[in-house]
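Listed next as structure tokens: two forms of one protein chain, kept apart as structure 1 and structure 2.
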Structure 1
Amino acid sequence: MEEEENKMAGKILVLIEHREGKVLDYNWGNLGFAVTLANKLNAEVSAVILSAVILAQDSASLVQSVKSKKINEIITVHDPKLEKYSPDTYAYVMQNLVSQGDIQVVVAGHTSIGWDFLPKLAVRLNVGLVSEVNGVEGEGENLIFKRQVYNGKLVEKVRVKSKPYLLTVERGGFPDIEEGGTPQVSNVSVDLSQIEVRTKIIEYVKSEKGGVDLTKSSIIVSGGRGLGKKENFQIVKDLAEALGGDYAASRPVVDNEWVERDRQVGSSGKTVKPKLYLACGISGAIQHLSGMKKSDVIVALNKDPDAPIFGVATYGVIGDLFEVIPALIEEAKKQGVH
């Protein structure tokens, strides 16, 4: 890598997160972000794929799916110890790649992989890490990164005083990378013989199928912690029925066992895109929004005018759900909606 002298000022390494042979879809947004950043830094974008087997240029599907993207390079590293994700191996390989070349930035998703190993790498390199970046401003040495704080009620802008920058990227925060590139594929060898993989992945347990398939619902009435207690959740179910839709919930509702887990909408639940999503007593945390913000019409019902849910809503009602929901049920029956 070092002999590759060109006018570009270094590289941005983007970890391609994959599982069971498939590139995870949020990687395309991470690459999209990296290209924006590359323009600001005059740097190249290198996608990094770690795997157990040699990813021959044409056969391996992992490389195949990245090869058409508008980036400069694909770096592959292979070793039997890289068969599954582990923070020990991933941190070590990325540290090694950083030491081999002029690396300006290391990017991963704000995901169960990215947030899991990047803090480790940051400690080792003794550099700063910015989590869940959703915007970048400035040029060259004066980059400012944007992110949410206070459960999405405020935004902070930060500066990093060390290099390389380590960043995790908000899922869905950036447009996908464009097609039409011809990145060169280079295989880099990293010696992992001394590395012990201390966490052993035994299996993956998929969420159970069955029950309701919210991804097919055209009307969803969703309830959050604002309902207060299990018994109160009934009014959400009643409203769903009155509107001819299905009921769903935010994570705390499921955690507290007010409703079944297959009703959870959000980054660790279902991603839905109904014609109508009516959110009752849901604040609009980023993990919830990522599961529903592409719905056609979003109605937010919340007593807190600052709740971030209003930021994605089509219609907003600032008020007490215990007054508004019964009124909605009555009105739906009166006007006859289905």
Structure 2
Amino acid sequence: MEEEENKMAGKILVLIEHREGKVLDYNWGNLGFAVTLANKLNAEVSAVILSAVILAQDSASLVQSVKSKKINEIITVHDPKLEKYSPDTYAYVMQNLVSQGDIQVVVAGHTSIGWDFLPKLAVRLNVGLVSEVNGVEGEGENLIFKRQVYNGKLVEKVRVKSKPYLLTVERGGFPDIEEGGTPQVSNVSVDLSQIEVRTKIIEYVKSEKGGVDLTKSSIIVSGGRGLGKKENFQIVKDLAEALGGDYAASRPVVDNEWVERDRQVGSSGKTVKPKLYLACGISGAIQHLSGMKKSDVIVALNKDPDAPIFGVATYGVIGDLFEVIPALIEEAKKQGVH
């Protein structure tokens, strides 16, 4: 009887997105979410890596990157048609994997790939799909998935009756998967010879040289309209440099062309989760909060004591940023922060 209770109830498949032979960082949060889900379902977690050739050096590197994570299994599928992403091939492969075992959940990042192929898979399997999940509650068959709607103004709770559950996960929405695992590696053969590839990636266009990936930053100093004009934004850059971090901005600042677009944080920009997020002169519109509220520590600097940003801040400073920021820069230099 005890053995029956401890028996794992199926698997959770997590698609691992990769580019140029490297696993993209947000996969670790997706795997972290899958482990949380696995504990609620008493299931196993399997990372799925799709690539072109089994002996390719980048394929071995991808497996090695995931092999230290605390999951149960790594499933690899190799085929020349998987050299470049296509929703047709990805949906077909994942459907094939679902048909081969007791699959409870299929997880992908809420990215251009996840939101592209998962709806196609949902149609193939005739099941529901919940997008941009950032929370889960309940146990077993009573799971409820949470997601933000209306730019984060409301939290929608969704219960899905059909299985497997298909979910895309909010970037930065969950803690990274822990190290210290020893997953087994299984290579699964899927015949793609008859698949008609109607959509495929032609090329990836990289950010301009000198651009920054804010999703990887551990310290971010962000500026808003409270800075007044473009010339004043330099003070935010100076503080970011003094702290050894990166500078960012709210949407109005970017729209006014004070800084580059790849520095925008919010629902229409980047979703970030640094160790420290310093918001300077940002009132805290819901669109901005949705992109940074899961930062480990948030420090808000604003002269308006009623600014919504204080509602999510770990620490709040009510004052003139043109007096406070120079003092912070001076102190950072004294302390030798950077």
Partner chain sequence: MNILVCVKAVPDMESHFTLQSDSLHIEDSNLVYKMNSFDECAVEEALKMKEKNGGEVVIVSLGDDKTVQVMRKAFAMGADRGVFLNNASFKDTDALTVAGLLHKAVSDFKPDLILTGIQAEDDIQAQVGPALAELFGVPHASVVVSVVLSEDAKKIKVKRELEGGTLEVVEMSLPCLLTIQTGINIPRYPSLPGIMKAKKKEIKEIKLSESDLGSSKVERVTLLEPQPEGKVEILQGDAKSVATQLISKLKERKVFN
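Basically, rigid core = biggest C-alpha set you can superpose within 1.5 Å across the two forms. These numbers come from a predicted model, not from an experiment. For numbering, take structure 1's sequence and count from 1.
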Original post:
So which is the form predicted together with its partner chain here, 1 or 2?
Top reply: 1
Subject >> Per-residue C-alpha change between structure 1 and structure 2, F310, threshold 2 Å, rigid core fit >> reply: yes
**OP:** Answer yes if the Cα of V185 shifts by 2 angstroms or more between structure 1 and structure 2 on a rigid-core superposition, and no otherwise.
**Re:** no
Original post:
After a core superposition, would you say F33 shifts its C-alpha by at least 2 Å between structure 1 and structure 2?
Top reply: no
Subject >> Backbone CA shift between structure 1 and structure 2, Q264, after core fitting (angstrom) >> reply: 3.9
**OP:** Taking the rigid core as fixed, quantify in angstrom how much the C-alpha of A285 shifts between structure 1 and structure 2.
**Re:** 8.0
